[in-house]
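First, one chain by itself in structure tokens, the form predicted alone.
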């Protein structure tokens, strides 16, 4: 389903969409078009994009592209899919009860879960917040183990 959505493969494209998306949440899904979990999330994002189109823009970022590795390293993307949110070129963070507030790791279980998260980020951003609380119950938040290298 990734062929139906905007897919970014160059650093310049990512920089431009972050800079030019004004008064909307920018949702960037980092992953691979060949990964089954990414395909599931892509389908969910595609189905949800119309409902969130008034307050969000969704784009896919191919992590296999050489130029994108700058962002992969900066955001410490070690699990895919990872979804990162921006508002007016500011990185939006979400406290979902996991150790990492900078991104959503894994797929959303339901279309409504994604819409609720994006809406919460939009409402918080409109109030000037850079971190918001996750509106989802803890059983619908993906859990994973963080592994730190050289610690």
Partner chain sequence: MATLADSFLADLDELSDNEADVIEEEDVDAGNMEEDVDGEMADIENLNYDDLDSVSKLQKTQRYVDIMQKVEDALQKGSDISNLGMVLEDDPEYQLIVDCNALSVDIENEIIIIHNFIRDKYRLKFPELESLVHHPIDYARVVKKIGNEMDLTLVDLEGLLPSAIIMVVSVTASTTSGKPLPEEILDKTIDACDRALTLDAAKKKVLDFVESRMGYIAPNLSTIVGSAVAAKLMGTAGGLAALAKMPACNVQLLGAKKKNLAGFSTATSQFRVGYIEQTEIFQSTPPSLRMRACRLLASKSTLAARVDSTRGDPSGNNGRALREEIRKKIEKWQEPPPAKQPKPLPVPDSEPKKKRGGRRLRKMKERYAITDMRKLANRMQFGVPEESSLGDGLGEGYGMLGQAGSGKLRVSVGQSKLAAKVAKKFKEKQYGSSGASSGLTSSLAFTPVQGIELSNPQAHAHQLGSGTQSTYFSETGTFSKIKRT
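In this text, all values refer to a predicted model and were calculated from it rather than measured experimentally. Positions refer to the first chain, counted from 1.
From this point on, the text means the form predicted together with the partner chain, which you will not see here.
Visitor: Does any heavy atom of residue 122 come within 4.5 Å of a heavy atom of the partner chain in the model of the complex?
Guide: Because a heavy atom of residue 122 falls inside 4.5 Å of the partner chain in the model of the complex, the answer is yes.
Visitor: How about residue 86: is it within 4.5 Å of the partner chain in the model of the complex, going by heavy atoms?
Guide: Residue 86: no, not in contact with the partner chain in the model of the complex.
Visitor: I'd like to check something about residue 53: if you look in the model of the complex, is any of its heavy atoms closer than or equal to 4.5 Å to a heavy atom of the partner chain?
Guide: Judged by the heavy-atom cut-off of 4.5 Å, residue 53 is in contact with the partner chain in the model of the complex.
Visitor: Wondering, does residue 63 line up within 4.5 Å of the partner chain in the model of the complex on heavy atoms?
Guide: Answer no; every heavy atom of residue 63 is more than 4.5 Å from the partner chain in the model of the complex.
Visitor: Quick one: of 68, 58, 44, 115, which gets a non-hydrogen atom within 4.5 angstroms of the partner chain in the model of the complex?
Guide: None of the others qualify; the residue that does is 115.
Visitor: Can you say which of 78-86, 30-38, 44-52, 95-103 gets within 4.5 Å of the partner chain in the model of the complex, counting heavy atoms only?
Guide: Only one stretch qualifies here: 44-52.
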